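Take a look at this single chain in structure tokens; it is the form predicted on its own.
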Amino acid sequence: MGILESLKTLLFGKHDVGGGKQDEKPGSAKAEKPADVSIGKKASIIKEPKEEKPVADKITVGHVHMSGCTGCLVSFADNYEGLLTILDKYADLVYCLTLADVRHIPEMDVALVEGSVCISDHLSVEEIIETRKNAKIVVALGGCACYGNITRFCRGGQQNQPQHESYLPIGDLIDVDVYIPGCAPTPQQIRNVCVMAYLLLKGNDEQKALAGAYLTPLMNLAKAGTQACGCDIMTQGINQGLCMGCGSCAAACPVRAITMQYGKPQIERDMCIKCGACYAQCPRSFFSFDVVNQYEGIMEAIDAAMEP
């Protein structure tokens, strides 16, 4: 092989001369385009499936913060991935001081109101009235919104802010539809009320019936008034022969004002902050037999709704 043939081999590869074909000159060589190359099988294009939203018809929810410690909002956030499921499938958060960049209270389906109202602050009074006007369902979230809680003891004597001399639960100023008492309420209870509110507004007939059975006792609790005390356990529990000594009231008390003695709760009235958590936690208090009889169906509906 000569030098010229060696260069051709390096530049154009070794040609098959067995078939009688002569090597083409470099000047006359026709370069093959990608389109001219024959491919036996075309490569298949993989298309990723489009993301489908589970629920298109969401409800709108807002969190209205009055005078409180933000503990109820922390409890709401403690649902973790459950909170993300609620916001992804069932609810759009349209108002929240810490999570939504909205200055004025918009129209919404459900308003979760945390904290009591300082009646010396005209802006707070206007906001709670505007909340009632713009929300279809108003939920008092936590002991301060339901009963005043520890803000009941904040009447006057504040050297740093003497103008804040009176706080009231929101039920003393507007009509409230649902109570979620406690200091703070459990994340599970807040989650359950959110799911049931959605089913009540957007569910089918069976789901609306279950949601109504679950929410009716909480609605009746809102109608009962804005006063709460550890004495409720004594007058509406023990004195009625309903106490079974389970200790749920003592476990729920945030200030440890209840101790169990001889199998019954003992109330330290001087320590009570009037949050209503003890009576709300008692399994034999305000929850009716309508809820107990449908407990399995209610929990199945909640579990199904919270599936990712």
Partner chain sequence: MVLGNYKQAIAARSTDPEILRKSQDGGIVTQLFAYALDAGIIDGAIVAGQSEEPFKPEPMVATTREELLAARGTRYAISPNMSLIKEVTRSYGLDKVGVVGTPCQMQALRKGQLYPIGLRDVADKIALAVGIFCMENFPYQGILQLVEDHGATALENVSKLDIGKGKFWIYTERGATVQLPLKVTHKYEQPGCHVCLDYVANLADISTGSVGTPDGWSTVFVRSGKGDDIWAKAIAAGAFETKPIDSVKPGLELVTKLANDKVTKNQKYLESRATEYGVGKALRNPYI
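As the structure is a prediction and not an experimental result, all values here were calculated from the model. Residue numbers count along the first chain shown, from 1.
The protein also exists as the form predicted together with the partner chain; that form is not presented, and the subsequent description refers to it.
Visitor: Of the options T85, T186, T226, N134, which one has a non-hydrogen atom that comes within 4.5 Å of the partner chain in the predicted complex?
Guide: In short, T186.
Visitor: Scan I273, V61, C253, V64 and let me know which has any heavy atom within 4.5 Å of the partner chain in the predicted complex.
Guide: In short, C253.
Visitor: On the criterion of a non-hydrogen atom at 4.5 angstroms or closer, are P106, V110 and S124 all touching the partner chain in the predicted complex?
Guide: None of them does, since no heavy atom lies within 4.5 Å of the partner.
Visitor: Heavy atoms within 4.5 Å of the partner chain in the predicted complex: which of the stretches 189 to 197, 95 to 103, 110 to 118, 125 to 133 has them?
Guide: Heavy atoms within 4.5 Å of the partner chain in the predicted complex occur in 189 to 197.
Visitor: Using a 4.5 angstroms cut-off on non-hydrogen atoms, would P217 count as touching the partner chain in the predicted complex?
Guide: The answer is yes: P217 has a heavy atom within 4.5 Å of the partner chain.
Visitor: Tell me, yes or no, whether P169 is in contact with the partner chain in the predicted complex, where a contact means a heavy atom of each within 4.5 Å.
Guide: P169 lies outside the contact set for the partner chain.
Visitor: Q236 versus the partner chain, in the predicted complex: is there a non-hydrogen atom within 4.5 Å?
Guide: Yes, Q236 sits close enough to the partner chain in the predicted complex that at least one of its heavy atoms falls within 4.5 Å.
Visitor: With the cut-off set at 4.5 Å between non-hydrogen atoms, does C243 touch the partner chain in the predicted complex?
Guide: Taking the distances in the predicted complex, the answer for C243 is yes, it comes within 4.5 Å of the partner chain.
Visitor: Can you list, in sequence order, the residues from 262 to 280 that come within 4.5 Å of the partner chain in the predicted complex, counting heavy atoms only?
Guide: Residues within 4.5 Å: Y262, G263, K264, A277, Y279, A280.
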